[in-house]
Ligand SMILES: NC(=O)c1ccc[n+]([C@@H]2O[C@H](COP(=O)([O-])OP(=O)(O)OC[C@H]3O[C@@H](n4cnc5c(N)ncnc54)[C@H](O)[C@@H]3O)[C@@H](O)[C@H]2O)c1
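Just one chain follows, in the form predicted alone, and it is written as structure tokens.
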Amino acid sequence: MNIQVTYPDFADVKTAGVIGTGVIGGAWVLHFLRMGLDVVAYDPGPSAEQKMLAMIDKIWPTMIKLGLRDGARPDRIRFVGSLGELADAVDFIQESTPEHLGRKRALFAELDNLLAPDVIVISSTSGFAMTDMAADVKGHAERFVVGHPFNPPYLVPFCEVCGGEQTAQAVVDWTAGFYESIGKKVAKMEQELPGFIGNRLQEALWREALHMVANKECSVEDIDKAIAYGPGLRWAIMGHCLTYHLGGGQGGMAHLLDHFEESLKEPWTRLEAPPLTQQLKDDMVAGCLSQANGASIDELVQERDDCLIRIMQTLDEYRQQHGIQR
């Protein structure tokens, strides 16, 4: 049952609660700090606080490159020792605990008993439906919503917002609007869908890549070249569908669909995943290590972040100069 609750104005949101400070939760911490928010974090994992502080210290120069909002400081975070302490101190919660459905259900039920009714709980889950995760919530199930980011959330702006069967539309709208107010580009989904939008699209591409490697049709390096120097360049500008719209010439998407209607039935792709044999695993690992050419994960992350910042800044500058809002 949806309960009528007034949620805070975006300008009044001062403190983010983050539960789980691993790869995704930690990246959310960095984004919230960059946006000038205070962060209260809870993670019972061993050395979680030390790892988080080290992550902030390491990545804060990237935040500076992206641009800091007023009040942004790396020290505006504190860890608490219990969910109750966190619940009393935050304006909303971004939950980023491991993908274990039973534990998320128990966590959400506990949070619902601790939080004031106007505190929205947003889950970073990459695949679970909110209907399933909130199944044991007996009180304010309407305030639980999915806010799935793309990694790393401190850098990649895209987020998918999706409610469950009991989520209030006002909560979906609030979450999408709040994310946009802190620099995110949001897809507000109309209904639940396993894997959401981006992961389903990535998964289709990933499965085809695995088939190509398994069948010795091309190398891992060639697959990545095909994406990075082919459609990937265009996707950074206008996405897949609008790119195809241009592919139809002056007739746009309508002409493209008419022209390629029959070829859509051709076996160009194999969406069923191939058997993940040890040989295929070995080939994928070897291919990635060959491409890395001795670079460490940390070095590759820094390269990725620096290049993404330049791409996004170039796109922003171009769109501002030409008055493009997309």
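On a predicted model such as this, the values are computed, not experimentally measured, just so you know. In case it trips you up, residue 1 is the first one in the sequence shown, and so on.
Keep in mind that the form predicted in complex with this ligand is not shown, yet the notes after this line are about it.
Since the partner isn't included here, can you check whether this ligand sits close to all of 19, 44 and 124 in the model of the complex (heavy atom within 4.5 Å for each)? Looking in the model of the complex, the three residues 19, 44 and 124 all sit within 4.5 Å of this ligand (heavy atoms).
Is there a non-hydrogen atom of residue 104 within 4.5 angstroms of a non-hydrogen atom of this ligand in the model of the complex? Contact check for residue 104: yes, within 4.5 Å of this ligand in the model of the complex.
Examine residue 149 and determine whether its closest non-hydrogen atom to this ligand in the model of the complex is within 4.5 angstroms. Within the cut-off, so yes.
Looking in the model of the complex, any heavy atom of residue 167 within 4.5 Å of this ligand? Because no heavy atom of residue 167 falls inside 4.5 Å of this ligand in the model of the complex, the answer is no.
Classify residue 221 as contacting or not contacting this ligand in the model of the complex by the rule of any non-hydrogen atom within 4.5 angstroms, answering yes or no. Contact check for residue 221: no, nothing within 4.5 Å of this ligand in the model of the complex.
Which of these stretches, 112-120, 222-230, 92-100, 206-214, has heavy atoms within 4.5 Å of this ligand in the model of the complex? Result of the contact check: 92-100.
For the stretch 22-38, which residues lie within 4.5 Å of this ligand in the model of the complex by non-hydrogen atom distance? In sequence order, 22, 23, 24, 25 come within 4.5 Å of the partner.
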